[in-house]
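Only one chain comes next, encoded as structure tokens, the form predicted alone.
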């Protein structure tokens, strides 16, 4: 099996390419809360978060607790002509499947149950792995795929659809919002806060390199450059 061939990284890790206009530039030293913008297209390149790993971990744990609550207690209760029924989020998808709406059922299940679970679970794994003294390479793999889970997580769209349905059937039945509906509303806010507190650049700076020799050369060059700066 042939040996893998790696590119040579730049010795200055502050050099980045703007993802919007491809302009190469050097990131300045930023304090917590400050942001660097591209001088050509004025898009934000990086915002330095304050304590990103600890805050993201706390928010991810809270989101995991709310996710469990939202999927284990009733979301809605309906009362009409002496009959009462309630359902959970997963039960709603199953009822759609039983009613012949297979495609809608799969979409609801994936975007409101599976994708949020993957988003929270991958974030927990990334943050816990990044807090280790030497984060393993699988942290980088999860980091590359995590944005896809956030893209497909659409709890807010599902809540909006439920609210529209509640307004339409309010004249025909008594509708009671369950604890899960409030948990889902809080979960939407927590997921947005979790993504806002997370700093992928902080994690990439810790992840183990595939080419350890290149990392040693970069670190040695950085130390030499720092030693040449006059005090």
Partner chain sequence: MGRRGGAKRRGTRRARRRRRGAVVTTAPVAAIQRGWQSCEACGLLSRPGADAGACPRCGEELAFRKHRSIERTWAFVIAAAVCYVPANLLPVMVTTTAAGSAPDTIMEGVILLWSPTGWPLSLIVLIASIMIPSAKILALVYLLVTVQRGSVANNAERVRLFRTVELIGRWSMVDVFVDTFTAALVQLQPLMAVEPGPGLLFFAAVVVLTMLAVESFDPRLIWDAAPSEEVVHA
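Since this is a predicted model, take the numbers as computed values, not measurements. Numbering follows the first chain given and starts at 1. Think of the rigid core as the biggest set of C-alphas that the two forms share within 1.5 Å after superposition.
There is another form of the same protein, the form predicted together with its partner chain; it is not shown, and what comes next is about it.
K.L.:
Although the partner isn't part of this model, could you tell me whether residue 162 comes within 4.5 Å of its partner chain in the model of the complex, counting any heavy atom of the residue?
P.N.:
Heavy-atom contact with its partner chain at 4.5 Å: present for residue 162.
K.L.:
Just to confirm, residue 125 within 4.5 Å of its partner chain in the model of the complex by heavy atoms?
P.N.:
Residue 125: no contact with its partner chain in the model of the complex.
K.L.:
Residue-level question: is residue 23 within 4.5 Å of its partner chain in the model of the complex, judged on heavy atoms?
P.N.:
Within the cut-off, so yes.
K.L.:
If we define contact as a non-hydrogen atom of the residue within 4.5 angstroms of the partner, is residue 167 a contact of its partner chain in the model of the complex?
P.N.:
Close contact exists here: in the model of the complex, residue 167 approaches its partner chain to within 4.5 Å, heavy atoms only.
K.L.:
For 37 to 62: residues with a non-hydrogen atom within 4.5 angstroms of its partner chain in the model of the complex?
P.N.:
The stretch touches the partner through 37, 38, 39, 40, 41, 42, 43, 45.
K.L.:
Quick check on residue 62: with the core superposed, does its CA move 2 angstroms or more between the shown form and the other one?
P.N.:
Result for residue 62: no, shift under 2 Å.
K.L.:
Superposing on the rigid core, is the Cα displacement of residue 206 between the shown form and the other one 2 Å or more?
P.N.:
Stays below the 2 Å threshold, so no.
K.L.:
My question is whether residue 185 is one of the residues whose C-alpha shifts by 2 Å or more between the shown form and the other one, given a fit on the rigid core.
P.N.:
Comparing forms between the shown form and the other one, the residue 185 CA shifts below 2 Å.
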